[in-house]
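Shown here is one chain on its own, the form predicted alone, set out as structure tokens.
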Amino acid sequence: MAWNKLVSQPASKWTDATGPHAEVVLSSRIRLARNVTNLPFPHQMNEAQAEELIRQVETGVREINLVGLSSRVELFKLADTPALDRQVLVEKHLISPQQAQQARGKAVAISEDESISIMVNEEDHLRIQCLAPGLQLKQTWRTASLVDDALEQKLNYAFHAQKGYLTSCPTNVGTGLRASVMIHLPGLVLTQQAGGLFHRLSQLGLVVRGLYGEGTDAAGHIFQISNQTSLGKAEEEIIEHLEAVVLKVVEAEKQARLHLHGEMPLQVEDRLGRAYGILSSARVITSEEAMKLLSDVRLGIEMGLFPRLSHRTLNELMIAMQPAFLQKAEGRELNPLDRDAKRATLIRTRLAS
């Protein structure tokens, strides 16, 4: 897999909108935090120790490619990559914002279809991430488990008989598992049910975050719902609990959409039509405004208002219009106004085609 291809195309496996309940759930993610023995946590590492771990992981990646996955995995040292490219990977949800900063001594291994990414020397030595479109937590867990087992053949994981996997952050101790879904909830937000729902989710041991995880905003009515702790429960139990709750959230969102269209069809169709009209004709648009309007257009697809559009088109557009991706496509840095103009042109072109 060529690095330039990785950072120049918006499509990833998770964007193809083929999974179950893809009209509400954009993607499912399993992330495993792992550390190796005889090395300090990343925030205490020196450069030589960081490079030694990268060498060990590179050996482990070769083991991954022997287990029969559908897509090969390749490791890249982030110190050898431009800062703009790393930000593109953040926008594609393949690395974290933290991983994109201070790239020396860090690496990422990514599969050709981008369903697997392994961050090296982020908060933990390893953050194994697997992504899938729609609600596919169990399938994604099986892939993550295969990758984890393959790496363990070459790496000596830090594991305690009573506490489980040892991690930099205490909330990840135990299974080291963070299961999450990226979910679009305009119906619940517009019917003012989202606040109460999020409160109930916290009582169930789940946490709601923004589009890019912890510390980020929920742009375009898109949220991440995940488990809060990983200690004291088996991986399968955590995943089954999250999936059961998400299915209820999906049903509540569908009912909210039906209520909106049933109770105020003219107002709803006017709002969604105006969103499409602005996106189809705007010459300058910010990423924040575009995300809000694309949320309405995404809802309009479900209501049959835009039969020529697909969720896949909007998923890819959501990435392609982000600041770093726009500048990468243009081949140069852009000031905010130029970015907003390029974004508007991109959206007009995609919607027209």
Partner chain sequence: MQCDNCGQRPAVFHTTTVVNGQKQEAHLCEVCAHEKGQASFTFPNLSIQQLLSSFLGQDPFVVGARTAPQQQAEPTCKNCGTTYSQFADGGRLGCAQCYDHLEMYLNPLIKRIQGTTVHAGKAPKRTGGIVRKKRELASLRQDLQGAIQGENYEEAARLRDQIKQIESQIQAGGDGSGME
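Residue numbers count along the first chain shown, from 1. Predicted model only: the values in this text are computed from it and were never measured.
Keep in mind the form predicted in complex with its partner chain is missing from the figure; the text below concerns it.
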query: Only one of Gly273, Gly210, Pro97, Gly205 has a non-hydrogen atom within 4.5 angstroms of its partner chain in the predicted complex; which is it?
result: Gly210
- prompt: Among Thr81, Gln87, Thr167, Ser111, which has any heavy atom within 4.5 Å of its partner chain in the predicted complex?
  reply: Thr167
query: Going by heavy atoms within 4.5 Å, which of 129-137, 276-284, 168-176, 73-81 lines up against its partner chain in the predicted complex?
result: 168-176
task: Would you please decide whether Gln267 lies within 4.5 angstroms of its partner chain in the predicted complex, comparing each non-hydrogen atom pair?
output: no
query: Is the gap between His261 and its partner chain in the predicted complex 4.5 Å or less for some heavy atom pair?
result: no
task: Tell me, yes or no, whether Ser230 is in contact with its partner chain in the predicted complex, where a contact means a heavy atom of each within 4.5 Å.
output: yes
- request: With heavy atoms only and a cut-off of 4.5 Å, decide whether Ile225 touches its partner chain in the predicted complex.
  value: no
statement: Checked 103-124 against its partner chain in the predicted complex; residues with a heavy atom within 4.5 Å, sequence order, are Glu123
